[in-house]
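Take a look at this single chain in structure tokens; it is the form predicted on its own.
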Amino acid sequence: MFNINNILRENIKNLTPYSSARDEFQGEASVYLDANENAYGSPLDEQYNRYPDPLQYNVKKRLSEIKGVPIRNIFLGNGSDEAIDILFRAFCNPGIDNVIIVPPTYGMYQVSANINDVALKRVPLTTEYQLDLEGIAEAIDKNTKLIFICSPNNPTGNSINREDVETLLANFSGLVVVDEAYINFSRQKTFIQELTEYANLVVLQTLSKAWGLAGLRVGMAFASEEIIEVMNKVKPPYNINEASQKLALKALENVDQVNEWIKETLKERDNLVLELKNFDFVLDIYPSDANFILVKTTDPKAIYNFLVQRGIIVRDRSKVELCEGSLRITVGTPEENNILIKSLQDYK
């Protein structure tokens, strides 16, 4: 059985979080003289002289309506990367504990582990890019605190078998972190719906991909109330700035526009796959549930350099484990995709 107190660091259990001026007074007033802000305003058209809501209530309220999750189960971070880092700092003792990743996968799990001096256990995906449950079971020990699973997976693009993730959730006494950065493009339903079933589940999502807000840096974590309370305790007091909160809230009113873009992206993804299959230097195109495709080629470095010379940037993933020979290509607009295909027709 999962018990948060069995995996939470002792210093975090005893931590008294920073109490900001906006924590101590909530409501409306006519004169604010509590936070040492500039009372004259900002040298901008918009006024940003006041500190933002430290718990981003309005943004969470709108997300709660869209996702069907209570506000108390939502954490907002400066990108999903902040949520990842906070999980390490809250639950992993440096130099003692370890986490499991399943490469090829998103690189920030390893970077955060290294920054926080937490040992990393790597259990590669199978050749079908699915979980090696037996290998994971063998890797788990008494100091394993987190297992990270990216689904749809970056850089392979496929979704991880749902039953396999549920097997881990049911049998692991630490946290299973399911990173759903690309879930809006997937045929698989989100794991958010399983939060009431699994107390050790953390689901990561973002406004950077389908929502088109990568420049604002707004990431989300969905988890039990007790896990969210820990994350709010550890985070910096004002981790989402006022401009990002205002713009995110405005964007979240445009669900129909985002859904249209998703449909268009999926259509363009299918078209791009069909076009790329015509090239003899393309050896394989892996099934994708994301807004990108992983393409195995005869000479990824040469193709990458050729495209750079044409002003087209893709991602060379050929040195990544199980992605040998591969380029990762984001699905662009119809115009961008046509430019890519026309350029590749000139490649010799």
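Heads up: residue numbers just count along the shown sequence, starting at 1. As the structure is a prediction and not an experimental result, all values here were calculated from the model.
The following text describes the form predicted together with a small molecule, which does not appear among the structures shown.
Residues placing heavy atoms within 4.5 Å of the small molecule in the model of the complex fall in a single listed stretch, namely 173 to 181, out of 92 to 100, 274 to 282, 114 to 122, 173 to 181.
Contact with the small molecule in the model of the complex, judged by any heavy atom within 4.5 Å, is made by just one of L195, L169, L131, C150: C150. Taking D164, D81, E229, E264 one by one, only a single residue has any non-hydrogen atom within 4.5 Å of the small molecule in the model of the complex, and it is D81.
Shown here without its partner, the chain carries S64, F75 and K246, none of which come within 4.5 Å of the small molecule in the model of the complex through any heavy atom.
Within this chain, N254 is remote from the site of the small molecule in the model of the complex, having no heavy atom within 4.5 Å. In the model of the complex, the small molecule lies farther than 4.5 Å from every heavy atom of K235. In the model of the complex, the small molecule lies within 4.5 Å of some heavy atom of G219.
Although the partner is absent from this view, F191 stays clear of the small molecule in the model of the complex, with no non-hydrogen atom inside 4.5 angstroms.
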